[in-house]
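First comes one chain, alone, set out as structure tokens in the form predicted alone.
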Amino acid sequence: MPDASDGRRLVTSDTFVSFADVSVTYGSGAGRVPALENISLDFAAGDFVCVVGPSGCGKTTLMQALAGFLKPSTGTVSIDGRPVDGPGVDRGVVFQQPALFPWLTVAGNAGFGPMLRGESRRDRAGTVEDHLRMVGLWDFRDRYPYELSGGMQQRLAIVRALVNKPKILLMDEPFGALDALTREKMQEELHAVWRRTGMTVLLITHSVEEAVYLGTDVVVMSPRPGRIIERIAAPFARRESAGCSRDTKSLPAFVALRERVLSLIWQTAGT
């Protein structure tokens, strides 16, 4: 898909998600705070788009607009040609904290969404088993969230989003609270799930390395009010893995792209 000269992707027949001149302002009068300014961004089904930028640049606001949690002050957000006018089952959201139900088992948490949708007990059991096996949690199906590690809890949160069969998975710093080793492992597992399902993903992260490793595209945002500085295609997500994530992250091309993105963030943060 072609790119515009300013880094924004041109809208074509392949466009699945589109932000068209989106601005978001909080408050009014003297308390008015512009969070996003004239965001135009689109991507295709199956893309894994990672958004990075300094703290307070509007990354989470961008995700919330796509989730339907807030309405843009100006501009429109659309999915598959239809304007977003509120939350919907076509979007699954994973936050930094898993927000699991402590009184439900792993299987109960995973099956909560299908139960609310009226899925039969038999179908629900099959859906839950398939997804828990996919992320390595089937053997823990009768455990409760407090019996799981942080990484396992986050895997369960991802399953809770996936079982509802969303068109898009939205992730806001999902690994930010994890230790470095667990975070690395979760990146590998998320990458494997994405390759297996072909799902469209929008991930918000402060980790440039994470964005370059997971993303098919890395979107760099400016300090508030958030604007798109540059959109960079990243080739590593679709690369056939030759081993663990460290193998990819040690490639000279990976290091060069990571440093390029970091440089963009540093340059704009200092302006």
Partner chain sequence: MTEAPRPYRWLSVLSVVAFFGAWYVVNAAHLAPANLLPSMSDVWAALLDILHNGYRGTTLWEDAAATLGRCLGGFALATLVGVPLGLWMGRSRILAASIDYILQFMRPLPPLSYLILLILWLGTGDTSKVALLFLAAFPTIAMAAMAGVRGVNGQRIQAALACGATEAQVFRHVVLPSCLPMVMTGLRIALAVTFSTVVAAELMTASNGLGWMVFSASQFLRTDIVLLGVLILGVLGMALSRALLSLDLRLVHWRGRD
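Predicted, not measured: the structure shown is a model, and the values here were computed from it. Basically, rigid core = biggest C-alpha set you can superpose within 1.5 Å across the two forms. Numbering follows the first chain given and starts at 1.
If you look for the form predicted together with the partner chain, you will not find it shown, but the lines that follow are about it.
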> Taking the partner chain in the predicted bound form as the reference, which of 125, 115, 177, 192 has a non-hydrogen atom within 4.5 Å?
Replying inline: 115
> Which residue, 171, 84, 100, 137, has a heavy atom that falls within 4.5 Å of the partner chain in the predicted bound form?
Replying inline: 100
> Can you pick the stretch from 178 to 186, 76 to 84, 91 to 99, 196 to 204 whose heavy atoms fall within 4.5 Å of the partner chain in the predicted bound form?
Replying inline: 91 to 99
> Wondering, does residue 155 line up within 4.5 Å of the partner chain in the predicted bound form on heavy atoms?
Replying inline: no
>> Contact with the partner chain in the predicted bound form for residue 236, defined as at least one heavy atom pair within 4.5 Å: yes or no?
In response: no
> Does any heavy atom of residue 131 come within 4.5 Å of a heavy atom of the partner chain in the predicted bound form?
Replying inline: no
> With the partner left out of view, is residue 216 within 4.5 angstroms of the partner chain in the predicted bound form by any non-hydrogen atom?
Replying inline: no
>> For the stretch 152 to 191, I need every residue with any heavy atom inside 4.5 Å of the partner chain in the predicted bound form, listed N to C.
In response: 160, 164
>> Once the core is superposed between the shown form and the other one, does residue 144 show a C-alpha displacement of at least 2 Å?
In response: yes
> So, does residue 164 move by 2 Å or more at the CA between the shown form and the other one, with the core held fixed?
Replying inline: no
> Does residue 177 count as moved between the shown form and the other one, where moved means a C-alpha shift of 2 angstroms or more after fitting the rigid core?
Replying inline: no
